[in-house]
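The chain below stands alone, shown as structure tokens; this is the form predicted alone.
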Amino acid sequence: MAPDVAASATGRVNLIGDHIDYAGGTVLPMPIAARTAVCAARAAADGFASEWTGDAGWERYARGVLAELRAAGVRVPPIALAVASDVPVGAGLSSSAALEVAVARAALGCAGVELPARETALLCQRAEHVHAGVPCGIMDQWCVAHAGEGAAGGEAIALDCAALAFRRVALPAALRIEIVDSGVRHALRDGGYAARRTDVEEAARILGVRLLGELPPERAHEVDALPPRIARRARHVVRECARVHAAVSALERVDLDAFGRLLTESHASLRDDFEVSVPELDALVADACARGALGARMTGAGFGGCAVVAWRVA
């Protein structure tokens, strides 16, 4: 069957700001070269073919996007989809968001409808919540949907997840970002991600704010009075929000040493306060720093996946 439409979407790596998107913080992801490609053709009924090497349950993400498009009033005809991807599954590089956005683009093409990147991102996030059972924040879908052509490696996106306002941040020519795979795969539906989000929301409730990322800096000390586990989670969120703003500033003034230190501080926070790192990621970060990296950290939701390493180049 010849395809009627072909579409694709990039993966992403988060430079800094993990587990704060659902708390309303600002995050700093960037698109990567790896992509998910989807070909679509009109068919008698929705069907799926794949070279995907991960969990066959990936279909729930694709079916969820089609269901949400139709629920939103987009007349997507029955379609057959073929999917191929070189975005590693379970590595913290947004394989699910890349699939969702690529499927949305292909389905919209078959329907002859255009949808702004903002609406595509929100619809794909809803599909992941409702149909895949992962209560993710907006960072992944937003970065993937807004990735500019040829932007991989050259710019990041500073996204205020509460206001859904963003700006592009150029990466200095002397900075090289390396992604190192730990080989440990995560499955966000296993419950660790949802449990962390519940803790963060409980901290916001106790402190009387709508989103923990909106806690005023002068109240940051109040997190120490929370119940111990909730305090650790809240401490990560509050300090990580500040680190992201400091990291953007460091990039803009080309202070690579400061940027690297912030990455390493972020990893320690995710390891100790948020407890989402694993020994393999800790070892990668320690090894990179010992070999002269500016800084390194686990990236993504954790429980496995990749580390991101910053290097200075001549």
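Just count from 1 along the sequence shown to find any residue number. Note that the coordinates shown come from a computational prediction; the quantities given were computed from them, not determined experimentally.
Heads up, the form predicted together with ligand GLA isn't pictured, but that's what we're talking about next.
- Checking 131-139, 205-213, 70-78, 223-231 against ligand GLA in the predicted complex, the stretch whose residues place heavy atoms within 4.5 Å of it is 131-139.
- In the predicted complex, G300 approaches ligand GLA with a heavy atom inside 4.5 Å.
- At a distance threshold of 4.5 angstroms between non-hydrogen atoms, G11 is out of contact with ligand GLA in the predicted complex.
- Residue contact with ligand GLA in the predicted complex: G17 places a heavy atom within 4.5 Å of it.
- Residues H19, D21, Y22 are the members of 19-47 with a non-hydrogen atom no more than 4.5 angstroms from ligand GLA in the predicted complex.
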